[in-house]
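Only one chain is shown below, in structure tokens, and it's the form predicted on its own.
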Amino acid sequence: MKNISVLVTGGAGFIGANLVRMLLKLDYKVTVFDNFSTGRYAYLEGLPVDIVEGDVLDRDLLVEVIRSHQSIIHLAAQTGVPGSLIDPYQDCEANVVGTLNVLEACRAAKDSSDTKMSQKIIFASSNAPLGRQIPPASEDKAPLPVSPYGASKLAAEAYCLAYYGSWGLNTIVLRFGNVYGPFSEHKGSVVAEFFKAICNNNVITMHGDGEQTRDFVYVADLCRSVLLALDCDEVGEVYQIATGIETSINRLVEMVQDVSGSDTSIYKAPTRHGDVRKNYSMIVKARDMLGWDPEVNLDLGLRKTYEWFVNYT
């Protein structure tokens, strides 16, 4: 049992809602920091957490809140390629300036004599910084982002590593694969969109020819990687968190139709700008240094996710 105070930015969102529950089961003291622009109070209903409604662009509020916590899990972000194409400035502010504000607040807390800040800062990134690199994604490949989202996540990663190098902050960067699972009803990610379409008897919209590939990781597996990172001594590092398995969107459609028992029709929309063609990860480093391995295969994960959507919507 940990009895450690943890602040989760973006804790009312998809990953946050799952992670907060796992932290509470391990007896962490949890504070959720969220502006509720996309996150939902309903996801936290009945949970013994403190909630601070605020934005990561509010530097003064971050300094005040972070100083009373031992570790920070920074999930708050503009979370997708489409949003970054619509408004690159907002994407940069949320992902780069917001992360810089968190790091500066952590640095101020670390230097203060009356602070609890002593543990880890876990930053949630993605494979988007690697962009044009030929998969599998790995930590040693040079980033070549193809979207503003990828660029903003890359910049935020760099700041996390720089604050470790310059001021000794215990930062860890986790590059998440395509995450899916419960509490994703508000998301525009592909698994969530497919299940929402099925539950609402709508057409499934698939962008492109469906031969593009992704590495789908179940949210509970991903949250375990965050918990392991909180206990890991190998700081100032980047870790790929995925499954190492490449799945085409065409195959994903077949699987969601199978688990739902639906023959929902499919509309093929144009390919979206900024999307990579193929994407999957090597997870050797996470296995070796975090002791992490995914446990839930895609079929089981989709069944769990569909069950949640049926009960929630």
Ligand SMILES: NC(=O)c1ccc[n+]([C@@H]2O[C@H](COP(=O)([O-])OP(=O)(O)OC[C@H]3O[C@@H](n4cnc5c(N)ncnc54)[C@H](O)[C@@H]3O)[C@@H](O)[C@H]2O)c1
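Residues carry their position along the shown sequence, with the first being 1. Because the structure is a prediction, the values reported are computed rather than measured.
There is another form of the same protein, the form predicted in complex with the ligand; it is not shown, and what comes next is about it.
Within this chain, N35 lines the site of the ligand in the predicted complex, having a heavy atom no more than 4.5 Å away. Within 4.5 Å of any heavy atom of the ligand in the predicted complex lies no heavy atom of V256.
In the predicted complex, the ligand sits within 4.5 Å of a heavy atom of G177. At a distance threshold of 4.5 angstroms between non-hydrogen atoms, C160 is out of contact with the ligand in the predicted complex. Contact with the ligand in the predicted complex, defined as a heavy atom within 4.5 Å, is made by all three of G13, G54 and K187.
Put simply, of A105, L154, L227, L75 only one has a heavy atom within 4.5 Å of the ligand in the predicted complex, and it is L75. Of the residues A124, I121, A137, A242, just one reaches the ligand in the predicted complex with a heavy atom at 4.5 Å or closer; this is A124. Comment: 37-45 is the region of 280-288, 37-45, 244-252, 265-273 lying near the ligand in the predicted complex, near meaning a non-hydrogen atom within 4.5 Å.
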